[in-house]
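Below, in structure tokens: the form predicted on its own, a single chain.
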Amino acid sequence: MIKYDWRNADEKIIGCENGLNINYEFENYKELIKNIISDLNQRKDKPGQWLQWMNLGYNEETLWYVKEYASMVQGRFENLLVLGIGGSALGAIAITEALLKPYWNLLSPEQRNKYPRIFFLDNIDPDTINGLLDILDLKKTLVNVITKSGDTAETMAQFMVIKERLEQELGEDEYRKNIVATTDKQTGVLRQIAEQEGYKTFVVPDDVGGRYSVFSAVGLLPLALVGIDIDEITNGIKDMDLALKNTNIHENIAAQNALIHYLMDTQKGKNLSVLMPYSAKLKYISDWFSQLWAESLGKNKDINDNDICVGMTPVKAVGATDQHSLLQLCNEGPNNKLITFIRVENFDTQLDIPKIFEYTGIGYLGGKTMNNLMDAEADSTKVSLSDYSRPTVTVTLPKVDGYHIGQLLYMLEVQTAIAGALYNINSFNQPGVEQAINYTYALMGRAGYEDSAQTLQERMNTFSAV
């Protein structure tokens, strides 16, 4: 199992002004945490609670269908193109970057065991899209379009472009074989189009928000299509789920991390949450977590409709790179951050540093390994931060594999849900995002948004006049 260490957030290490008396707080909050964990597990099977993500690791039917389809299309395509944004892409990006061989798309087909290269379009920048289409042979590309609502403007605009080009290159009878859609089971524009056009489809389950959907077909399908063992991932989820059902905060690492983050924010003024993996493979875990944490916890109303405006701002970093960018600010700037390190005990490979230049000031590096250097960088950064009374916590993975990645992401999801309960907010809606989406509909001329478009245009004209 992955391990969690909170000692460098304790007042014994960094002082009472910036640290917590963590054992005292665990005792102080143990009944509330027990009730929160029990409540989450009691509600997870009830419709309308948006907690079905807690059951995704046990969905054998989805696993079977995903693996069956991946087996059917293996070897037929050179490329997999995933169209999605936010939760429809970030989870799969994070896991493929973690588990595929580095520089996967540059490897030969033989080095990839005949699995396809994988590309994600998670933005609508025209230069990026045109650049990819210039180099991608769509005839040899499987396109996975992902949107639960079916009318996500960014994803569907991408799909409209890709669909037209596929049809032009492959013909009306053949292009459909290059499309697989992941969307709502019954409703939405993409569901309607898929049924009319005859695309293969997978389902985004009910009561699972996009940022919690990585372990549904949203994430599992692209992973399986490039040969990642999704059984290993779900085994990690199930074992972590069992551990996190424990209502004793002294034995539940998600509850511990949730409470420490909550108290650092509300009691110590640490309103920035920095996630800093010391593994390049885990770099995009921070991107996925940023959406999970920000959309879930950034709220201006609690569940009783009181005005609150809460939420720690997530900050992405990666070691050792960001020791040369963020560390100066973290050590000597405002003491308003809680930094979470993600460590890896055993890297997949070892890289020796040769014994050369021994007559110079860098000779000491010779005979060591890059693995030694990475560990030394992480240890020294943690100690340096504690010297400046900066709180840190550490999550440690035995290795980067599917089992432990499943554990890590699921732990962070449960941690977020517990933190939301501590803030007394709804962790599963995102009204601030919806407002901007509705403005986009209005500006792009969607039917039913005419009044909003007029009001919005008047406001934009006012801005221009200032």
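If you're wondering where the values come from, they're calculated on a predicted model, not measured in any experiment. The first residue of the sequence shown is number 1, and the count goes up from there.
The following text describes the form predicted together with a small molecule, which does not appear among the structures shown.
The partner is not drawn, yet in the model of the complex one stretch among 102-110, 287-295, 132-140, 348-356 has residues with heavy atoms inside 4.5 Å of the small molecule: 287-295. In the model of the complex, none of the heavy atoms of residue 335 sits within 4.5 Å of a heavy atom of the small molecule. Although the partner is absent from this view, residue 85 contacts the small molecule in the model of the complex, with a non-hydrogen atom inside 4.5 angstroms. In the model of the complex, the small molecule sits beyond 4.5 Å of every heavy atom of residue 236. In the model of the complex, residue 211 approaches the small molecule with a heavy atom inside 4.5 Å. Contact with the small molecule in the model of the complex, defined as a heavy atom within 4.5 Å, holds for exactly one of 299, 261, 148, 382, namely 148. Between the small molecule and the residues 257, 216, 152, 273, the one pair within 4.5 Å by heavy atoms in the model of the complex involves 152.
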